[in-house]
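Consider the single chain below, provided in structure tokens and representing the form predicted on its own.
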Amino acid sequence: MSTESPLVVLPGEAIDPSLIPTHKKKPLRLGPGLRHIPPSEIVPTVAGQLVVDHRKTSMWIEYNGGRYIPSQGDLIIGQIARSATDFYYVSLSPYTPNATLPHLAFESATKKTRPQLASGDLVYARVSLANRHMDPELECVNSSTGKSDGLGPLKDGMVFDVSLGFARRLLMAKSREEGKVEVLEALGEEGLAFETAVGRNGKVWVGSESVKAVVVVGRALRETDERGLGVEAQRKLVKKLVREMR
């Protein structure tokens, strides 16, 4: 990933136009922590490190602290709070307003076939609408293809809390090369069978037929995040945890 040197910015601070990536064909993509003020001003909404990816013509603010601020396109893990007539209210974090998830925003959903979700159930969803003046809206289906793309209810398993910055690193297309996160690959190489879903709101769901495997994966993620472990330290941690499990 091509980035500028680390630059810490504050909410409302003007960003130098020379730092904004441009491309003749690709539009600029703003990620979490940035807001566009017409016609051309871009300002941070949180304090953190400005990250610029010229290859993808995108930029965002990397931050660990504070509450999660929904951004359109984010993948999240939410918990059903309650159901209304046409949608569910979904909790994203303790300090974020509930999002809405339409009952029919699932693959092939009709009034008769839609998932029947109860309070406390978990869903893996995408933020389809996010702005300052409305509660966030979610979807569990790709609006272009009608397919779920892996989104939908999460059954069984456990959810582990991680920092917002670590969640973003896990979600990178090349998390090993760009995010310097190798812990999940290392666990798989040790023979653990599990699946994960990562939410940009700082939550990771881990599922497996083995409860021990779920606990080990969750512990490895938490320790990697909290201790700021590098790649080699992650591999050593994984070997230690797997040895203890067996």
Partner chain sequence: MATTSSSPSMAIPGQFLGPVSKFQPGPGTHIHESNLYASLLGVVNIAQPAKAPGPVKRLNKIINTQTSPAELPTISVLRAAGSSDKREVLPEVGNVVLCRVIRIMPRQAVVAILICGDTVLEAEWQGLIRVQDVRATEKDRVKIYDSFRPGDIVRAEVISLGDQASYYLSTARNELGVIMATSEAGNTMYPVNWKEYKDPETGLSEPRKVAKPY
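Positions refer to the first chain, counted from 1. Please read these numbers as outputs of a predicted model, since none were measured by experiment.
A second form of this protein, the form predicted in complex with its partner chain, is not displayed here; the remarks below concern that form.
Contact with its partner chain in the predicted bound form holds for all three of Asp86, His133 and Glu137, each having a heavy atom within 4.5 Å. Only one of 117 to 125, 147 to 155, 73 to 81, 86 to 94 lies within 4.5 Å of its partner chain in the predicted bound form by heavy atoms, and it is 86 to 94.
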